[in-house]
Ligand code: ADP
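Okay, so here's just one chain, in structure tokens, the form predicted alone.
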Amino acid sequence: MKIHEYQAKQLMAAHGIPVPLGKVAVSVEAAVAAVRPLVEQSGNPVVVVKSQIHAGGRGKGTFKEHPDLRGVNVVTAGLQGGVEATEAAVADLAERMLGSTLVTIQTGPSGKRVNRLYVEQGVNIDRELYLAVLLDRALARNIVMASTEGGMDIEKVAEETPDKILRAEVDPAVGLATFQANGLGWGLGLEGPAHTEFVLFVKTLTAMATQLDTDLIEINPLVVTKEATVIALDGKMGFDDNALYRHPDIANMRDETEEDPAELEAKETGLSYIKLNGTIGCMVNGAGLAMSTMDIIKHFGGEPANFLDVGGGANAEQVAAAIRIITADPNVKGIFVNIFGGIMRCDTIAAGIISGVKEVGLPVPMVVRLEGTNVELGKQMLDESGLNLVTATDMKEGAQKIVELTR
């Protein structure tokens, strides 16, 4: 689960991590009302107006409706015109940003609608750094990544100058050791008070990551101010869905308007669904078989449009929901149903397919391969349904058929 920047900073502040002052706004009036308190509390006439969407690259992103406008905008009008000038500039920005569609490198060309803004105090930046704590599943522990190249896409840094990325593993039993934090700080070229602050910052951040079951905390940039303080100027957080039962307060931060509607419906129905970029929709029972199904589709020259695991105990209603979710994707040109019925009964799958197709129609070819418990009954139900389906005797044949039918 992802949360917005302003929510991430609320969590950081609650754990004693320095962040700039800021106010979230869902209207022009709220954005303007945030300006004066921020300027008065911070003593800085500069404010920043940030789009709040679940995607990176906002600073370089542009709005479809306003190509000249960025997703993050620095307001300096107050340097000459005072608070009133800042309020007027923020009002103009909020009017154009709220309700508009922001396109970034991570949203794709469709972009995302901006429903919230974060109005934040300006900061006297001396240096911009990169810092992240992410879960390395291969190591089964968090790792810290840091770089002097703050403000840049870390993927670009990794590709072009990998030597500029520092790493440290976090022992889950003892946390990040002080010598590790010191080494990271020295590797970033920090000295004196800034180094001391960074050591405390990164140790607190890694402890928070463990406590909150995050799979990613990314701060880009982490800034060193001209006053030698270390502040999280940005904040991105993602959480392990399987641990959210331990954090109901974080679960309540979920913004469903930022999530894929199909993935949201699947979650509510009890299905495991992840949208991909291909053209062949997959409905499978069991994660291992689902991965194998996607592999064999690619082997024969196709591209899977999704990962969809109905699980071992799905009922006909869930199977029908799976058909509805797959066919709602306009990129899907064909559907491959690949079921091995151990706990799952093939007649239940057949009943769900029939119900789902009758509900939403079958605008694309469908290949069905059933094997296992009640397979003959399932095949009989499909044969007698009158639906225009193609059957396959095994997974290889089914994958070949659906790839051929979608070409």
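For every residue, the number given is its place in the sequence shown, counted from 1. Just so we're clear, the structure is a prediction, and the values are computed from it rather than from any experiment.
Just so it is clear, the following notes concern the form predicted together with this ligand, a form of the same protein that is not shown.
**Prompt:** Would Arg58 count as touching this ligand in the predicted bound form under a 4.5 Å heavy atom rule?
**Reply:** Although this ligand is absent here, Arg58 would touch it in the predicted bound form, with heavy atoms inside 4.5 Å.
**Prompt:** Is Arg369 a contact residue for this ligand in the predicted bound form, using a 4.5 Å heavy atom cut-off?
**Reply:** Taking the distances in the predicted bound form, the answer for Arg369 is no, it never comes within 4.5 Å of this ligand.
**Prompt:** Does this ligand get within 4.5 angstroms of any non-hydrogen atom of Ala251 in the predicted bound form?
**Reply:** No, Ala251 is distant from the partner.
**Message:** Just checking whether Val32 would be counted as a contact of this ligand in the predicted bound form - the rule being heavy atoms within 4.5 angstroms.
**Reply:** The answer is no: Val32 has no heavy atom within 4.5 Å of this ligand.
**Prompt:** Of these, 227-235, 183-191, 139-147, 78-86, which stretch puts a heavy atom within 4.5 angstroms of this ligand in the predicted bound form?
**Reply:** Only one stretch passes the 4.5 Å heavy-atom test: 227-235.
**Request:** Let me know the one among Leu271, Val72, Met208, Val157 whose heavy atoms come within 4.5 Å of this ligand in the predicted bound form, would you?
**Result:** After the contact test, the surviving option is Val72.
**Prompt:** Here the chain is shown alone; which of Glu128, Glu265, Glu258, Glu197 has a heavy atom within 4.5 Å of this ligand in the predicted bound form?
**Reply:** Spelling it out, the residue with a heavy atom inside the cut-off is Glu128.
**Prompt:** Though the partner is not shown here, which residues of 96-135 have a heavy atom within 4.5 Å of this ligand in the predicted bound form?
**Reply:** Residues within 4.5 Å: Glu120, Gln121, Gly122, Val123, Ile125, Glu128.
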